[in-house]
Structure formats: structure tokens, C-alpha cells
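Take a look at this single chain, the form predicted on its own, given in C-alpha cells.
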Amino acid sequence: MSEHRRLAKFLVVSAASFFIGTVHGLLQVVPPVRHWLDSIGSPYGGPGHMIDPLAHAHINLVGGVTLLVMAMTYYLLPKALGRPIYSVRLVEHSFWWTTIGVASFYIALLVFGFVEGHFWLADPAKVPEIHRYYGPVISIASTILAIGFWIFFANILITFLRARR
């Protein structure tokens, strides 16, 4: 696969993340949605903060900006150093781990925000029962995301160090 095709998927997921983030942002300011979010604690606490600002920020910043920066770095660093990137395989891994991590993190925040928000208003006693799953699910999603970042950083660092020799 050519370098450009390999990096194009980073750009596609980045653009898709920005699209999802803008739709999310638009929906959360529609008056009935905004009222519901405010009633469950957005943006300062309660389940509402998982939807606004956490999920919204993560899909835009991590999904949109970070994947764009990864693609730019993978494209520009070899040109700046005059050497190829250390590992094409690690480029692929960093893409998939980061993409799966950001998607699972975003979805987990939305699901827990909606479910807990519903019970926050309907039956607040059930919130702790549902919230006990939040930590493990978010931990798994964020670990997947972190693995993608660490693979990216390792690939960039090794590329840079090998170019210095």
C-alpha cells in the first residue's frame, strides 16, 4: 500500500470525527436537548458532563485533531529527516488502536451519560448501580486509546533517534 493511501485513512477518520463532533455540538444546543443536559448536570457534574463536554471534546480533539496530527507527523517527519519512518507496521497499529480507542471512549461516554441521565431523573437510586460499570469500561477504552498513542510516540522516537546516527 502506498504511503499516501496508508495515511489517507487517518484523514478520513479525522474528518469523520469532526463531522460527528459538529453534529454533537449542534444537537446539544437545541433547546430541549440543552434543557435535558442541564437537568442532569451538564457541563459541571452528574451524568450530563459525560455528554457535554467530555464526549463532545474527545471526539473533536482526540478523534479529529490527534489523528490529523498523527497523519501530518507520519508524512512530514520522514521528509524532514531524509529517512523513512521506522515501522510501517507500527503506523498501522497506531491508527487502529487510536481509532478503536477514541470510538469506544466516545460511545462509552454517550451511553453512560444517557443511561445515567435517564435514571438521574427517573430513579436516582439506580445511578450508583449503573455507575459501577463506568470505571472498568472507560478504563478499557482509554487503555486502548493510550496504546495507540504510545505506539505512535515510539515509532516517532525511534525514527528520530535512528536519523541522528
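Throughout, we count residues from 1 along the sequence that is shown. As the structure is a computational prediction, the values presented were derived from the model and not from experiment.
The same protein also exists as the form predicted together with protoporphyrin IX containing FE (HEM); that form is not shown, yet it is the one meant from here on.
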Position in contact with protoporphyrin IX containing FE (HEM) when the complex is considered in the predicted complex, options 34, 118, 131, 49, heavy atoms within 4.5 Å: 49
Please pick, from 66, 42, 99, 28, the one residue with any non-hydrogen atom lying within 4.5 angstroms of protoporphyrin IX containing FE (HEM) in the predicted complex. 66
Taking the shortest heavy atom distance, is residue 54 within 4.5 Å of protoporphyrin IX containing FE (HEM) in the predicted complex? yes
Any of the heavy atoms of residue 145 lying within 4.5 Å of protoporphyrin IX containing FE (HEM) in the predicted complex? yes
Would residue 62 sit within 4.5 Å of protoporphyrin IX containing FE (HEM) in the predicted complex, counting heavy atoms only? yes
Close approach of residue 149 to protoporphyrin IX containing FE (HEM) in the predicted complex, 4.5 Å, heavy atom: yes
Assert contact_stretch over 34 to 42, 54 to 62, 110 to 118, 123 to 131 against protoporphyrin IX containing FE (HEM) in the predicted complex, heavy atom within 4.5 Å, equals 54 to 62
Those residues of 77 to 103 with a non-hydrogen atom no more than 4.5 Å from protoporphyrin IX containing FE (HEM) in the predicted complex are none
